[in-house]
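Only one chain comes next, encoded as structure tokens, the form predicted alone.
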Amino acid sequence: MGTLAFDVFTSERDDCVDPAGVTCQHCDLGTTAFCAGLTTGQFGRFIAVLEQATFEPQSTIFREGDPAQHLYTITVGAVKLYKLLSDGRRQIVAFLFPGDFFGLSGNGTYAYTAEAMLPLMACRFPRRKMDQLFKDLPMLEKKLLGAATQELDAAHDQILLLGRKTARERLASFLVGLWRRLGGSDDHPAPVALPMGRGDIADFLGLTIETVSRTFTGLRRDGLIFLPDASHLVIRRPKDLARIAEGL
């Protein structure tokens, strides 16, 4: 996922050159881009079905139950995926960042609602055209299978988090996971941007906003984290926070 800086989601982009020597001006994700590794000929076929899409913060990309007509990969920004109950209660199922893929569907309709959290740029692929491209370029289908496998692994982790972990363990797990997703390491505690609000975090962790706020306060009081403001976080003791996340 890019460099670990507070402006990680809004940095200027350079051309991306993949190992095959193909230059793409749509993102700066390098080898993590969905198209990385394609030959010049393959890339030409790939770019022919690609559409560029932009969304303003808090705009809906698609809704749960809509026909699954497109697949997306994020180039700039962040997205939250969520499901709603009939009474309006919400469960956020994922936060996604540059390089992440979303829009997969097994029954022809989207299983969740996708909403932009920041100014969003994404590569959008019409599903019908991609189905044919997968037949012609099996390596892309393999990459998509990898994305689906990661989504399943994340769902398993979320089941454990919601079913067995305490509020402190849930928030620690979330912060450690986000920090690692943004490139943090145990040897170099680094700042993390939080594009999601406390309400979003609560709906992801299955907690109330009040509980999330109290738990943030407790972690800060214990010297594990530092909050320079509501949208930025520094993990001061990542190893200790990881131990809490594991229930140790």
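In this text, residue numbers run from 1 along the sequence as written. From a predicted model like this one, the values you see are computed outputs, not experimental measurements.
Omitted from view is the form predicted together with the DNA, to which the following refers.
With the partner omitted from this view, the residue of Leu182, Ala36, Leu50, Leu207 that lies near the DNA in the predicted complex is Leu207 [heavy atom within 4.5 Å]. Site annotation in the predicted complex: the residue of Ala148, Leu84, Val93, Ala167 reaching within 4.5 Å of the DNA with a heavy atom is Ala167. When the DNA is considered in the predicted complex, Arg63 lies well away from it, no heavy atom lying within 4.5 Å. A residue is said to contact a partner when one of its heavy atoms sits within 4.5 Å of a partner heavy atom; Gln69 fails this definition for the DNA in the predicted complex, lying far away. When the DNA is considered in the predicted complex, Gly197 lines it closely, a heavy atom lying within 4.5 Å. The DNA is not shown here, and in the predicted complex it never comes within 4.5 Å of any heavy atom of Thr54. When contacts are defined as a non-hydrogen atom within 4.5 Å, all of Ser213, Thr217 and Arg220 contact the DNA in the predicted complex.
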